[in-house]
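This document starts with two versions of one protein chain, written out as structure tokens and named structure 1 and structure 2.
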Structure 1
Amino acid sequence: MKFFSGQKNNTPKKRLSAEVATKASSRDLSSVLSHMNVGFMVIDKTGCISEINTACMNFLNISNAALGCSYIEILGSHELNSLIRRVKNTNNLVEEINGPKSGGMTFLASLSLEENTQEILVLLTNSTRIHKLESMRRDFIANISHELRTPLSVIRANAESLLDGALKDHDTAKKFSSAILKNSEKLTYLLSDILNLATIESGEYSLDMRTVNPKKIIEKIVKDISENYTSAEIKIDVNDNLEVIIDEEAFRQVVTNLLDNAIKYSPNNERTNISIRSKNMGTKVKFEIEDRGIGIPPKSRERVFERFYRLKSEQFISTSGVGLGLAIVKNLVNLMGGSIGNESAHPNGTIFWFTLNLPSK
């Protein structure tokens, strides 16, 4: 393969030895690139694959039987085939392409044409992660815009109605004003959740990890919540002498959020029974918050921790919330060194659990 041959080789002997050297160095390069997880392939002027490294075969889901075969027959990617065709006219191309369907990967493909030999060098870098992050960022902005627009338009419509004359009717004015208040509160929560999440995800949330007795903190949270939700009965079953390593503020946020959800996603015309308990697991402690609410279907168990993911329950979709609470909770638990999940409760409802580290004895 002559792709990297720099100077012109005059005599046949010189040419041969230069080619042998170039072949060896391209093989070295190909193996170095494989170690760097960069796909490398050369297509000769007849359209056959003359060099391919392991990373490239893995990326494109082909075997080394591809060597010497026509790229059109071997490569299952229309996008890559079309780039190979197009590079003959432009000499250099860099584009993002999708890998084989089954893999769900994306690649940054850099192609260049060596004019003298008419060989095409293809380099593939795995861009799946960057691609995912980019689409998460786009979704995030789209979601935020949507979540901001809804309460803002309610506020605007109600304010306009008030100015248009509804102010004169005391009952109607009260109704419109309380809609404005409710939606501005929603905006405040949304913005504080977004800021919280952004601080945590940027790594700027600094934890003050200490050995603390969590029972007192839980009792205080339960007392505050019970004052607001008088129909909720929250039973605490946590060892009096338990000590865990936590950041108090983060722990408070986690428990408050999970208890809030346990109440929010329970039918509000009944007495809501919730329990919070702790289980010693050796080096960790497991906290469980169990409710008798609507439950979470198995396919959404993991998804509820994604930003903006909300279950489409007719009954609860108007419930205040934007789907950021559990994303924040998961980040905080992970930052404190624990894990989090949920499972079905019996006969109905959900158990949210999270673990935290116990101090070493």
Structure 2
Amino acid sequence: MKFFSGQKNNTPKKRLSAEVATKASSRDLSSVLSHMNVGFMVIDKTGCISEINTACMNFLNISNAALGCSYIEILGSHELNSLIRRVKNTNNLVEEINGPKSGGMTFLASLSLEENTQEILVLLTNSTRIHKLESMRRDFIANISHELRTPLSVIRANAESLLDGALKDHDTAKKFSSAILKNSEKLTYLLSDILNLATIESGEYSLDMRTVNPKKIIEKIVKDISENYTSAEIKIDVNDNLEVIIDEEAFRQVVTNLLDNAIKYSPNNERTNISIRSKNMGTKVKFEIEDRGIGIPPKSRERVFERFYRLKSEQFISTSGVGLGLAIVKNLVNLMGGSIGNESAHPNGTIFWFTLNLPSK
């Protein structure tokens, strides 16, 4: 049934107003989606890009100049181009795709074809982080399975040997018991790292920040490490009168983990030369721990601070662990108000550095 009021709305002026309202509404939607970090793009029936929001331009590494241009010439994602061609036959498509190679991102692409206008609406949701989390989960399961299996196998084998008669031989029983104790401690340290990181990331880790002379703490750490790693030669170059604002336990864990890491990733069968020094940076002090290993590949410089990420090489001493040490270090340094990073040493090796606050004068 038709109403006269509906016919009156068909005047040129009314139609123009409706078109203006529709375009304004489209711009508002585009802006809202950009704030939600969702890419929005419209391709007209001629194959040209008629609308695109900021998020979509960032995702696809294109500019406003793309408006009015053919999507085939502009879009660098071959997978997205393929979806745009295919949606004309199916009306709706939802698939995960890779973005431009330079970005290294993945997206959930949702496309729909408007039958009346033959326009194609494209929505892109960034799924890169989801893939990253999934990769971290797989790494964790693989690493934790390996790290648990080895000590548990040793504990079980030695316990079975003791029950089978080794208890009667004092020297053998002592040897097996020592192996059980050593691997039990390894499991304890492993679980402690997992719980520590969980506590830190949940915001439940409490700090006791004080003005402290860090050199004495560093000297005690180096003394303990040198007793366990006799091939390690650690040089300390820290000002005797230096004072920093730290949580002592957190600082001790940061320095210990970084020194352990420097030793662990040093080449086999060589004298391990490591130095730890401090540099006054005005309101902060910068600590540097430098080793003479083979260094870290550029692509892994940031990743070494990720949970469960580990460098692997036959040139390194045993790289046991699940890849939590540097993640814990980064979180503790950040909690104490500092920053952390690494860079290449000359002529070879790596410098891990972190900053902490100096007391105000």
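None of these values were measured; they are calculated from a predicted model. Quick note, the numbers are simply positions in structure 1, starting from 1. Superpose the two forms; the largest set of C-alphas matching within 1.5 Å is the rigid core.
Trainee: Only one of these is the form predicted together with adenosine-5'-diphosphate, so let me know which.
Mentor: Only structure 1 fits here, because that chain is the form predicted together with adenosine-5'-diphosphate.
Trainee: Could you tell me whether the Cα atom of R301 shifts by at least 2 Å between structures 1 and 2 after core superposition?
Mentor: The answer is no, as the C-alpha of R301 shifts between structures 1 and 2 by less than 2 Å after core alignment.
Trainee: Does K220 move its CA by 2 angstroms or more between structures 1 and 2 when the core is aligned?
Mentor: K220 C-alpha, core-superposed: shift of less than 2 Å.
Trainee: Superposing on the rigid core, do we see a C-alpha displacement of 2 Å or more at M57 between structures 1 and 2?
Mentor: Yes, its C-alpha moves 2 Å or more.
Trainee: Taking the rigid core as the frame, how far in Å does the Cα of L187 move between structures 1 and 2?
Mentor: Shift of L187 at C-alpha, rigid core superposed: 3.1 Å.
Trainee: Having superposed the rigid core, state how many Å the Cα of L148 shifts between structures 1 and 2.
Mentor: Displacement of the alpha carbon, after core fit: 4.3 Å.
Trainee: Give the C-alpha shift of Q118 between structures 1 and 2, in Å, after superposing the two forms on their rigid core.
Mentor: So the C-alpha of Q118 has moved 18.0 Å between structures 1 and 2.
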